[in-house]
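Read the single chain below, which is given as structure tokens and is the form predicted alone.
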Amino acid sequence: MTSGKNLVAGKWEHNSKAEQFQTVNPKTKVPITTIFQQATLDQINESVKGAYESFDLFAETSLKDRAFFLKCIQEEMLLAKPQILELYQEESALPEGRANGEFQRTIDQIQSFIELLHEGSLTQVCINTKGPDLRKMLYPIGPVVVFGASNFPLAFSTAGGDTISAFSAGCPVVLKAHPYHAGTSELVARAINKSLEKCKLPLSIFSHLGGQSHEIGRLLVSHNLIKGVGFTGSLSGGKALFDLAQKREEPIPVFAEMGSVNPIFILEDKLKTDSSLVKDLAQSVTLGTGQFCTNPGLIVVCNPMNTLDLANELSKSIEGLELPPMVHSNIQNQFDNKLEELESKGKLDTLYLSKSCSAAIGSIQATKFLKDLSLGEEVFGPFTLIVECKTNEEMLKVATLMEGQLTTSILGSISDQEISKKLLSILKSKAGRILFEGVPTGVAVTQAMQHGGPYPASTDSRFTSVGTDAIYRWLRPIVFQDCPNDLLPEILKNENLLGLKRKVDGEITSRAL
């Protein structure tokens, strides 16, 4: 059951004078009954103050205690699963299969951080006893703000990767719920709040604030007690938060995962020989109604002999598809406006619009595309633009002028090895993940995953928002020099009672000193 209240420093608050809003089913357009309250300035300040005051205690909790906290979140979410999934589908109009899949992904993400905490390597202990006694570890940066993402109401939202990695690091979280799935977010927030109670941790470690106004985000990021920001969303939104954070008296890191068209480069022989290519591409473009971070929005093909009219074949594949609606009206409106803008420019060679759903396929010759690279900007939704190259040199030029991306793909065969090497040399500086098989949609939630890339894909390409390495966004190195053993953090003490593997004078060891 949702209340529409805000969770302020661990307490659910009702404010009869607050601005109100409702969520809406994207398919039926019918508002959902709960009336939500927009967070006030006082509630924002109280939430941040509570996070700040609980930081020292939370930062000093053992890795074992943090793992138990995450385990409790898992358990509480599983208990509330029927209610969460029911409201998830109402607020997003996404199908049951997607709802179940994203819920399980969220549970699995939490499990991966539980295992990381038990394993203990995240602190990266390094001890030098020769000369000054230096003991280095990674320490949490402080209270952070996390913004719920619109396209993933669970996996990138309230108990998603940003929040769970911050908790694992020992950082309190103030969560700004996405207004279009505020109910789903509240149910998950209740699971987190109950978990803090069960663990006897300060309830102010987590706050959950709602509202439709961008002013809430601005006030949170500007607050002098906040030390970091996690965001998944649009380029304009992420860049605005980043700029705001850098103008503070004390600038803070903003880890924003933003726009990406995830270009796929299809080489000549691959285009000729891969019989499943069209089907695979069509599925990738339309998966999740094109609202995954990694849907391909640009497909660059080398097709000197006009072997395959890829745009036409893809248009046939999308015709007759029935896709769920966009997760909220703003995304749909922006998608429609972008397509209208492309049509009005009249620069594309073809633009195929499906009659059965919102999917669309465009095509343009590389010579034209290279004269107006703005045509390759992201159209968030089930759309891709095919750039037809007549030579490998044209393809290399497109790659050279490409902006930073989350992913890029090189699809070729053995006979395409020479051009593949040249492309790879260029693309290594353009993307966080480079694929050589399959399509880029979807990510594996593992330590080896990199979900981030050079700007404008993200604000800091050194970090990932998916996988357990996401924790390193919320940690900083600190060194204790000639510190008495009794004053050292437990993991740096001579006894090493936790049995962690530590680097001591260049040797990896779990022995006591």
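Start at 1 with the first residue shown and count on from there. All of these numbers come straight from a predicted model, not from anything done at the bench.
As for the form predicted together with a small molecule, it is not shown, yet the points below apply to it.
Every residue of 431, 462 and 470 near the small molecule in the predicted complex, heavy atom within 4.5 Å:
Per the other structure, none of 431, 462 and 470 touch the small molecule.
Is residue 208 a contact residue for the small molecule in the predicted complex, using a 4.5 Å heavy atom cut-off?
It does not: once the small molecule is placed as it appears in the predicted complex, residue 208 has no heavy atom within 4.5 Å of it.
Does residue 198 reach the small molecule in the predicted complex if we count a contact as any heavy atom within 4.5 Å?
Output for residue 198 is no: heavy atoms all beyond 4.5 Å of the small molecule.
At the 4.5 Å heavy atom threshold, is residue 293 in contact with the small molecule in the predicted complex?
Residue-level check for residue 293: yes, a contact with the small molecule.
So in the predicted complex, is the small molecule close enough to residue 103 to count as touching (4.5 Å, heavy atoms)?
Taking the distances in the predicted complex, the answer for residue 103 is no, it never comes within 4.5 Å of the small molecule.
Answer option from 73, 175, 241, 360, heavy atom within 4.5 Å of the small molecule in the predicted complex
It is 241 that has a heavy atom within 4.5 Å of the partner.
Partner-contacting position among 231, 265, 383, 369 - heavy atom within 4.5 Å of the small molecule in the predicted complex:
By the 4.5 Å criterion, the partner-contacting residue is 231.
Report the stretch among 369-377, 95-103, 417-425, 257-265 that approaches the small molecule in the predicted complex to within 4.5 Å, counting heavy atoms only.
After filtering at 4.5 Å, what remains is 257-265.
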